[in-house]
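Here's a solo chain for you in structure tokens, the form predicted on its own.
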């Protein structure tokens, strides 16, 4: 018989239309929430978003249909996403504030994906991601300021330095579990911040100033970006750079999730004792999760340092790690797309709720609680693994 889609699997045409339309609608919603200024307008958009997630919770077949559609036409979905990401700065125009929010959201998406390897895949609570973020930023900044090292060379060096610290915290942490492990990571994060705050060669509480902008093929990232005669603000350089890092993080997460490493992490999450009984080296895979988290976080820290050209210990406090963990939990643990949505949502919301002045944090907390009441397992919960057959 000719290949005919089953009733549960959309046809090629339907899947293509759905994949393109859903991504355009998502991009339009992001554009609207970035554009609006009034606080109540933001509340209205959030109410609309909450209604959408409520329907997803009540009608789970919608999510199943969406997954089947994207799996049916993955190339169309990827091309559409690439076009939207590349075109977004052109719609934003000269609004540097929106570009700044997008850059920060992209960097937090990378940090959330990094933490997701531990919290989502292996159920390892880690409150030191902010410290790894800061180590990457400081190592790259010190190399650039004191030794004139190129941004592109500081990226791998900073990542390796942070990975080393990941091993340093990971190895002694193996003697603890659950709440005690969380306390160890909290202590590590506090120690790193205090060291950055007290060493004279890190600039102390004053931080590091004058971090030079990167350049590529003679083009400085401090200069406006001109594409086909269209002049974009200098922030567009870092927008595309951060977007490229998000792509790297997504590919890494996807590959690791489907690998033996990802399976081992999931086994640890399900039952650590059973995993050990099956011959899994529990200590090694836990340490590896710390190292991967630190490696990706350092990349994000390096880009952040060169973007803002000034960093201080206040940029890498314990609150940063808590924020990243909240993004993973709200977005949906062990769900790549959910983690990214959580990162964008929790980066943009505090800025857009400034219209409520002193009540901004109250509204922010209410929104998070509301979303978790609608979707207790996160906006996009983790899904059961599938082996072969239709997705």
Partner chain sequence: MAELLVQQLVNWITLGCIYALLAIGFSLIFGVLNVIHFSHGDVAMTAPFITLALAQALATALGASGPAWLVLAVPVAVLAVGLIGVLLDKVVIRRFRDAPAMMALVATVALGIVIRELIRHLYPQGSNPHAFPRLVSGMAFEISGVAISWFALLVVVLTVALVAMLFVFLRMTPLGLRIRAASEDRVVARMMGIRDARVFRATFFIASAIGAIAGLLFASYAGVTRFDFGVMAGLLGFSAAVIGGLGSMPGAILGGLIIAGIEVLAQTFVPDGASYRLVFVFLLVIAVLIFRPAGLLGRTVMEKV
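Positions refer to the first chain, counted from 1. So that the term is clear: the rigid core is the largest set of C-alpha atoms that superpose within 1.5 Å between two forms. Every value quoted in this text rests on a predicted model; they were computed, and no experiment measured them.
Note that the form predicted together with the partner chain isn't included here; everything after this is about it.
- You can rule out all but one of 22-30, 353-361, 40-48, 54-62: in the predicted complex, only 353-361 has residues with a heavy atom within 4.5 Å of the partner chain.
- Although the partner is absent from this view, residue 368 contacts the partner chain in the predicted complex, with a non-hydrogen atom inside 4.5 angstroms.
- The partner chain in the predicted complex comes within 4.5 Å of no heavy atom belonging to residue 348.
- Although the partner is absent here, residue 172 sits close enough that one of its heavy atoms falls within 4.5 Å of the partner chain in the predicted complex.
- In the predicted complex, the partner chain sits beyond 4.5 Å of every heavy atom of residue 66.
- Only one of 195, 225, 243, 155 comes within 4.5 Å of the partner chain in the predicted complex through a heavy atom, and that residue is 195.
- With the partner omitted from this view, the residue of 304, 151, 239, 127 that lies near the partner chain in the predicted complex is 127 [heavy atom within 4.5 Å].
- Contact here is defined as any heavy atom lying within 4.5 Å of the partner chain in the predicted complex, and by that definition each of 184, 188 and 325 is a contact residue.
- Here residue 373 counts as shifted, since its C-alpha moves by at least 2 Å between this form and the one not shown after the core is aligned.
- Relative to this conformation, an increase of 3 Å or more in the Cα-Cα distance between residue 374 and residue 29 is found in the predicted complex.
- Note on residue 369 and residue 53: their C-alpha atoms are more widely spaced in the predicted complex, a change of at least 3 Å from this conformation.
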